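Only one chain is shown below, in structure tokens, and it's the form predicted on its own.
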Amino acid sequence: MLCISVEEFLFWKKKQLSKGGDQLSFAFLLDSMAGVSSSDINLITINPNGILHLKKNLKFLESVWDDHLTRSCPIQYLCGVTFWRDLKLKVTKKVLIPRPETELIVDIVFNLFRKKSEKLFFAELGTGSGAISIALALAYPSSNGVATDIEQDALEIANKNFINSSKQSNLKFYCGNWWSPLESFKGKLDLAISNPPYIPRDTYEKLPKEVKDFEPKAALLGGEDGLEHIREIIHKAPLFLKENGWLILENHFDQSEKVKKLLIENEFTSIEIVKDLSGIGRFTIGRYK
């Protein structure tokens, strides 16, 4: 643990922010690598005459910040972690950085299954860092979950995140494309969730550099119209869900009506479009018969 005067730290902080970048990314760097939270910053700003303890020295932190500014690499990848709901998750370029809006998927599940003592059997398709599955496994300790991903590297990260987040053993990971690793679970799922690649090709080509150049293409691109993977997931879901089992999908901001139509065509009922905090129809849910 390194000691530094608050005065020196605040001068250094001002200098770094003068180079560019945004306050949130810089705050993330300080929190995840230096061990200095936003509340810590607020306190020392009020009383700047003390000593601050850092986990990393200023030279190292500055090198990470400069790398972020120079290459536009997401700060989460440079720090190797991200915060999602109440989880601290390991992330690398092998997995998508879980977005704040995706946190609402967990709240949707809470609304459908209100008793945390329920013994659900759920699946997440395309788990990436494992964020959604881990949150559900922790929230429903009497339940069991399975999570798939086509990338073995992603599953290793997800498994590490689960081990780091919990002493439970109610979540298993399987490698393969969407439903293919779950053949032995046909007709057994109470719930299936997916935040699949849903960005249309034209939109993908115009994504910001920090997304397109660093985050895995396979986790973002959803084919020409963005619905390629969503179609496959919906089409095969009835084989794996119990009667009255639920399917929850995240989709692009303009896809909800199309996803709703696909659910209707595949005999889903109780279909609902759920808006995110920006009022966008971000999620589409349905119950199989």
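Since this is a predicted model, take the numbers as computed values, not measurements. The numbering used is simple: start at 1 and walk along the sequence shown.
Omitted here: the form predicted in complex with ligand GLN. The next part is about that form.
Have a look at 133, 82, 129, 195 for me and say which one sits with a heavy atom within 4.5 Å of ligand GLN in the predicted complex.
-> Of the candidates 133, 82, 129, 195, 195 is the one lying within 4.5 Å of ligand GLN in the predicted complex.
Of 219, 182, 138, 150, which one comes within 4.5 Å of ligand GLN in the predicted complex, counting heavy atoms only?
-> For this set of options, the contacting one is 219.
Picking from 142-150, 110-118, 92-100, 156-164, which part of the chain touches ligand GLN in the predicted complex when contact means heavy atoms within 4.5 Å?
-> Stretch 92-100 is the one.
Could you confirm whether residue 73 comes within 4.5 Å of ligand GLN in the predicted complex, counting heavy atoms only?
-> It does not: once ligand GLN is placed as it appears in the predicted complex, residue 73 has no heavy atom within 4.5 Å of it.
Evaluate residue 87 for contact with ligand GLN in the predicted complex, applying a 4.5 angstroms cut-off between non-hydrogen atoms, and reply yes or no.
-> No, residue 87 sits far enough from ligand GLN in the predicted complex that none of its heavy atoms falls within 4.5 Å.
Ligand GLN contact at residue 199 in the predicted complex, heavy atom, 4.5 Å | Yes, residue 199 lies within 4.5 Å of ligand GLN in the predicted complex.
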